[in-house]
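First, one chain by itself: the form predicted on its own, in structure tokens.
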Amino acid sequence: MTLMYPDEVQDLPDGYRGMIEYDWDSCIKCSLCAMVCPADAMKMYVSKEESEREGKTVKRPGINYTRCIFCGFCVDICPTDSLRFTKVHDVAYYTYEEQIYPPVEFSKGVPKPFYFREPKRVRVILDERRGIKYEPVGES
């Protein structure tokens, strides 16, 4: 059964691997996220202001969603939980460059999907006769 997107959107389960959110304040700049990324989507960028202030090179993570495979290795390895998955996954971009988030942009959070009108929320259920079907959330 086809979901009638964008009039209907799926209510996603906890633990869904959507776009990644970054907490600037709790990040210890260890670079583990960039080292473990198998797709080279996570990259460390030099933070000019912090480097000048601390007198040494300081790097922070940024993400390239054209490369990210949502494997979760970066989220799993982060020792301070500065990286977390969100349930946002349905964002459209006009250009390739818009999908690359340097640290400051990355820390602003994930973009919110835009709908012309509020969509109806549905969840997936398995029906023995019909297979997968969608059921409105909040109705029985």
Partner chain sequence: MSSMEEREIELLIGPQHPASGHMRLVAKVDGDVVVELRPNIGYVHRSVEKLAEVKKYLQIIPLVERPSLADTTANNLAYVMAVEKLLGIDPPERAKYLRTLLAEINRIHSHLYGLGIHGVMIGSSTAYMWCFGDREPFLELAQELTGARLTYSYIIPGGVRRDLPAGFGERAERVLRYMENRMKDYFDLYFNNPVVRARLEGVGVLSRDDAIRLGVTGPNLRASGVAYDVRRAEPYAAYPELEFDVVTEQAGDSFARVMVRVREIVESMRIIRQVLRKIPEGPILHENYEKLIPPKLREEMKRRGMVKFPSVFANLRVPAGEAISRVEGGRGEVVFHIVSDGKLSPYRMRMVTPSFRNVILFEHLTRGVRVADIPAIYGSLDYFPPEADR
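Rigid core (definition): largest C-alpha set, two forms, superposition within 1.5 Å. Since the structure is predicted, the reported quantities are computational estimates derived from the model, not experimental observations. Residue numbers count along the first chain shown, from 1.
There is another form of this protein, the form predicted in complex with its partner chain, and it is not shown here; the text below is about that form.
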Would all three of C27, K48 and V137 be in contact with its partner chain in the model of the complex, where contact means some heavy atom lies within 4.5 Å? no
With its partner chain left out here, work out from 53 to 61, 96 to 104, 69 to 77, 110 to 118 which stretch has heavy atoms within 4.5 Å of it in the model of the complex. 69 to 77
Whether L32 contacts its partner chain in the model of the complex should be assessed with a 4.5 Å heavy atom distance threshold; does it? yes
Is F85 a contact residue for its partner chain in the model of the complex, using a 4.5 Å heavy atom cut-off? yes
4.5 angstroms heavy atom contact with its partner chain in the model of the complex for V9: no
I'd like to know if D23 sits close to its partner chain in the model of the complex, meaning any non-hydrogen atom pair within 4.5 angstroms. no
Of 3 to 37, which residues get within 4.5 Å of its partner chain in the model of the complex if you count heavy atoms? Q10, L12, P13, G15, Y16, R17, L32, M35, V36, C37
Compare the position of the CA of D14 between this form and the one not shown after a rigid core fit and state whether the shift reaches 2 Å. no
Given a core-based superposition, decide whether the C-alpha of D23 shifts by 2 Å or more between this form and the one not shown. no
